[in-house]
Ligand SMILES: Nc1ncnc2c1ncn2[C@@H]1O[C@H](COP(=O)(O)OP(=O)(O)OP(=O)(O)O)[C@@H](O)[C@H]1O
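The chain below stands alone, shown as structure tokens; this is the form predicted on its own.
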Amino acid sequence: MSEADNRGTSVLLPSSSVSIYTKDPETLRAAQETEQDWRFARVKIKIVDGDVETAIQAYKEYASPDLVMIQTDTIDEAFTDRLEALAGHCDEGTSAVVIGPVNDVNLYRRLIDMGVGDYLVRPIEKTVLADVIAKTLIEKIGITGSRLIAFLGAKGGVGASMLAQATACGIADILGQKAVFLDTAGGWSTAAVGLGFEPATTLAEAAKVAAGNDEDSLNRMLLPLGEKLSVLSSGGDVMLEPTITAEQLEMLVGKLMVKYPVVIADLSQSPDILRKIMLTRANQIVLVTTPMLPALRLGRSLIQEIKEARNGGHMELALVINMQGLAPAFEVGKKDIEAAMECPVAAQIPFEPKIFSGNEHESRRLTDDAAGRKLVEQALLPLVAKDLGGGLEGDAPPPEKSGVLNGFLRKISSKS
């Protein structure tokens, strides 16, 4: 099994474009459901009620996408002739997948020999369609290796922001991974206090330069806090008015994930609409709660809503119990928490006001003193370290681009 087969179902896919041409209601529905899959946050999917002829007419006038999928009711010489005509109108490097009516090994081999990347037999389930698209895009473009880790508190005051900041520092200072910290709270952000910087921009300004592909301006908004850690120096937003849409935030995060292999996002004080889009796209979610009943009840509801928002798809969630020992007489035990939440407890962090409040008051990173560093190493990094291996910062080139329509074009050229 190739690297794409192994990783295509569990990574945020690279920025790319896909067009799906079909007249079949079931395939249309599967394609629409694929758009909601968190892996496809950076993939632009265009669903067209059409066939190979529709695609030919489109690419006579417009540039072709990274991947074009064509569904047909008949597989004969006439169709393969039109498939070759389509290849002649596609940009070099465009990949192709055909969806057909019959399972035929000889037909499959013939299409592969023509340069088609894969052949699927209808009806197509959403999971199969999504995995084939993922595999094709990774083989063509490569795996970026970027990872989005979202921190969220079950309620206010549970310490999610501090733990998000501490984890970002640990990833950079201890694991040595290049990372960026993003607080989506806008004007409500306290990151400037905890990490010791002055807000120099707003989320709205950052989203604007991201949308305009203004790399220089975006770089100026990213404040280095050491050799490996940067922070988006936002926090100057107004507090009582919305300043950024979910679509703008998604675009901004997409830009950051191109530049940084690890993005840590604090969702603690962000508007609900921003939380939802980030939680559906995150590779990993860290849900922070205290062992007290009010936070636990909200946390349980949050877990269920996150599952629904992700359409029941894969969800890597780490449940963190913070401030253990703050009020022992009123705290729920670990076994009872896991039974009620239907989720294992990933970490329990003791109530240590001297470490957390003291460092925040002095704008000192938690990893800068021995006690804080030990806590980060033992309690927080195990939550994320297993997913940061495999050379996120490596300079290894992406996989060689697959043939597909590239091969298609070469075969057509050889005939002339």
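The numbering used is simple: start at 1 and walk along the sequence shown. Since we're looking at a predicted model, the values are computed, not measured.
This protein has a second form, the form predicted in complex with the ligand, left out of what is shown; the following refers to that one.
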Point to revise | Contact segment among 236-244, 159-167, 94-102, 291-299, judged by heavy atoms lying within 4.5 Å of the ligand in the model of the complex | key: 159-167
Point to revise | 4.5 Å heavy atom contact, residue 379 to the ligand in the model of the complex | key: no
Review point. Can any non-hydrogen atom of residue 352 be found within 4.5 angstroms of the ligand in the model of the complex?
Key: yes
Exercise for review: Using the partner position in the model of the complex, report whether residue 323 sits within 4.5 Å of the ligand, counting heavy atoms only.
Suggested key: yes
**Study point:** Close approach of residue 59 to the ligand in the model of the complex, 4.5 Å, heavy atom
**Key:** no
Review point. Of 54, 363, 357, 36, which residue is found within 4.5 angstroms of the ligand in the model of the complex when only non-hydrogen atoms are counted?
Key: 357
Check your understanding: Of these, 283, 269, 177, 146, which has a heavy atom no more than 4.5 Å from the ligand in the model of the complex?
Key -> 269
